[in-house]
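First, one chain by itself: the form predicted on its own, in structure tokens.
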């Protein structure tokens, strides 16, 4: 397990401050979530923002883009510095934008991730997963993150953007640094690491885009070529500026890498820690789709989201003023007993499963079908190859609040 906090029962939940969390929260936030849902589902923070925990409230917020804005300029200016690399990236990318930018970018990405396009990706995904499993075949011990879970999404997104194989080395570190800067509380070194990653990644993409303009790929399979074709002055004056193009290429990597790595790593850890569920999946491989949904609910790769209120609104009996920042506690909403029977039980046969791991409404994750497919193939093929794998001492959580996953997951996959 990622850890437990024995002191949560004596902690005054009304004093929970996202900017100064109690020890153990990142390792095991679920007891705190239980108490938020029970005692303080709408909790004001010292800075005037609110924690929102109930499933029904998050569902409402996700669906109403007029009253609850995704634009983060007001929040990110003091956090990152107006005009800084991180500010420019996060206020230009799809997830932290409102129409018309959100509409333009989402339309382009959705057209590249149709069911037909994803079906075309499946053979390559199977091949990539099996290649990694073949490389592990002769080893007794592996790190399920470094040797498996983190590699799969990098390869898939690298293929989407047609990044040359020999140039993919820095992608994961750039992604971790940029997303790490979204944590509620940041050290100066983490902030600078994020700024540097945006600068380096942007410079790399500028060169890659110039090369792709000179030698376009197939827009049916190369998302970067498709995005370039949609630049302003290209096929459509409603398309992307070069800045938007670069920042949303960064977003594609970040959105697809961290969360999918966590989905696969969390899934392997949960199946190991719940041997009855692992056996149920081995006995009934057709359960893989519901198993992935339960991993997404039980240990949501993304635990936290945000919205800003555009007009005075009432949530949970509290009047919240226009301009207020809301912290959407996805990990708590996915354990809400009003929606999920026995919410703290990991059950791979759980149907229906109305989790919010991919958010909801118009901002529902554009790559959710691809992420699900990656999780299903990775978990199923790994279990078929190494059904008796054992996670060893030394597992290490990612140490983050917003994103839940493992940094290291050592495992014994074959007996010596």
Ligand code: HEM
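Numbering follows the first chain given and starts at 1. The shown structure was predicted, so the numbers you read here are calculated from the model rather than taken from an experiment.
The protein also exists as the form predicted in complex with this ligand; that form is not presented, and the subsequent description refers to it.
In plain terms, the part of the chain that comes close to this ligand in the predicted bound form, with a heavy atom within 4.5 Å, is 247 to 255 out of 247 to 255, 279 to 287, 185 to 193, 132 to 140. When this ligand is considered in the predicted bound form, residue 363 lines it closely, a heavy atom lying within 4.5 Å. This ligand is not shown here, but in the predicted bound form it comes within 4.5 Å of a heavy atom of residue 301.
Within this chain, residue 378 is remote from the site of this ligand in the predicted bound form, having no heavy atom within 4.5 Å. The closest heavy atom approach of residue 62 to this ligand in the predicted bound form falls within 4.5 Å. For the candidate set 295, 330, 198, 269, a heavy atom within 4.5 Å of this ligand in the predicted bound form is found for exactly one residue, namely 330. When you look in the predicted bound form, the only residue of 145, 227, 263, 86 with a non-hydrogen atom within 4.5 Å of this ligand is 263. Although the partner is absent from the chain shown here, 259, 307 and 357 each have a heavy atom within 4.5 Å of this ligand in the predicted bound form.
Along 82 to 96, these residues reach a heavy atom to within 4.5 Å of this ligand in the predicted bound form: 94, 95.
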